[in-house]
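Okay, here we've got a single chain as structure tokens, the form predicted on its own, with questions on binding and movement later.
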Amino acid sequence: MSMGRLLIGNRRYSSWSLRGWLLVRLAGLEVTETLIPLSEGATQALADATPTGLVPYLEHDGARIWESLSIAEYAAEHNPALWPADRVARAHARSISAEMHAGFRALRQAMPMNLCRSFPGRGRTPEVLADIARIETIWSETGSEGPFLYGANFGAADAMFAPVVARFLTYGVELSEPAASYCAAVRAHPLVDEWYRGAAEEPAAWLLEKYET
């Protein structure tokens, strides 16, 4: 029985929706999923449905949660294993997730998420290359033996970086062997693959030219 709802945007483009959806699914929250197609700008449907006019937005068991990090913490209340059990590793995971949430603007702008296209070689500005280098450093410093950032299980930090992985794959970013292996593991995760399959099934009417060209 559904205890709430999760509002998301296009699976093809909405990186923040992917984060929120992964976190909700990993926590096992029973919600109804509602997709509101994005447009070239803000939509009245989103403004009417969410406090900020943005997705993801979660309502669950009386709680109203927006912003991906807030959803991550709420999801972890239901499934504490989303963060590492070790105190130091848990602090590190929260720090890199917050850095992801607030940073890497150049990467976001030059390499918008599009799960169904391939744009190898595009977007390689100096600022983007600096973002990529920083992300590779972050991944290398978790101390994980893999396949995910903090061990064998896909957790909250992996959910936060899943859209980055998608961008690296779409734009054919050259990565170190450990980073490339991590990207492959994320892409192969059943939930990530489910999201990709949903993106491929979206109608042509939802395509946005600014992300396709």
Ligand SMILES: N[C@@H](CCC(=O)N[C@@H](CS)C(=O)NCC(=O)O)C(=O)O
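From 1 onward, residues are counted along the sequence shown. Computed from a predicted model, the values in this text were never measured in an experiment.
The same protein also exists as the form predicted in complex with the ligand; that form is not shown, yet it is the one meant from here on.
K.L.:
Answer yes if any heavy atom of Val173 is within 4.5 Å of a heavy atom of the ligand in the model of the complex; otherwise answer no.
P.N.:
No, Val173 sits far enough from the ligand in the model of the complex that none of its heavy atoms falls within 4.5 Å.
K.L.:
Is Val186 a contact residue for the ligand in the model of the complex, using a 4.5 Å heavy atom cut-off?
P.N.:
Result no; Val186 lies far from the ligand in the model of the complex.
K.L.:
Should Glu33 be counted as a contact of the ligand in the model of the complex, where contact means heavy atoms within 4.5 Å?
P.N.:
Looking in the model of the complex, residue contacts with the ligand do not include Glu33, since no heavy atom lies within 4.5 Å.
K.L.:
Do Glu67 and the ligand share at least one heavy atom pair within 4.5 Å in the model of the complex?
P.N.:
Result yes; Glu67 sits at the interface with the ligand in the model of the complex.
K.L.:
Okay, which stretch from 174-182, 25-33, 53-61, 144-152 lines the ligand in the model of the complex, with non-hydrogen atoms inside 4.5 Å?
P.N.:
Single hit among the candidates: 53-61.
K.L.:
Quick one: in the model of the complex, does every one of Cys116, Arg197 and Thr213 get a heavy atom within 4.5 Å of the ligand?
P.N.:
No, the whole trio is out of contact, none within 4.5 Å by any heavy atom.
K.L.:
Consider the chain as shown here, without its partner, and state which of Arg124, His78, Arg134, His101 has a heavy atom within 4.5 Å of the ligand in the model of the complex.
P.N.:
Contact with the ligand in the model of the complex is made by His101 alone.
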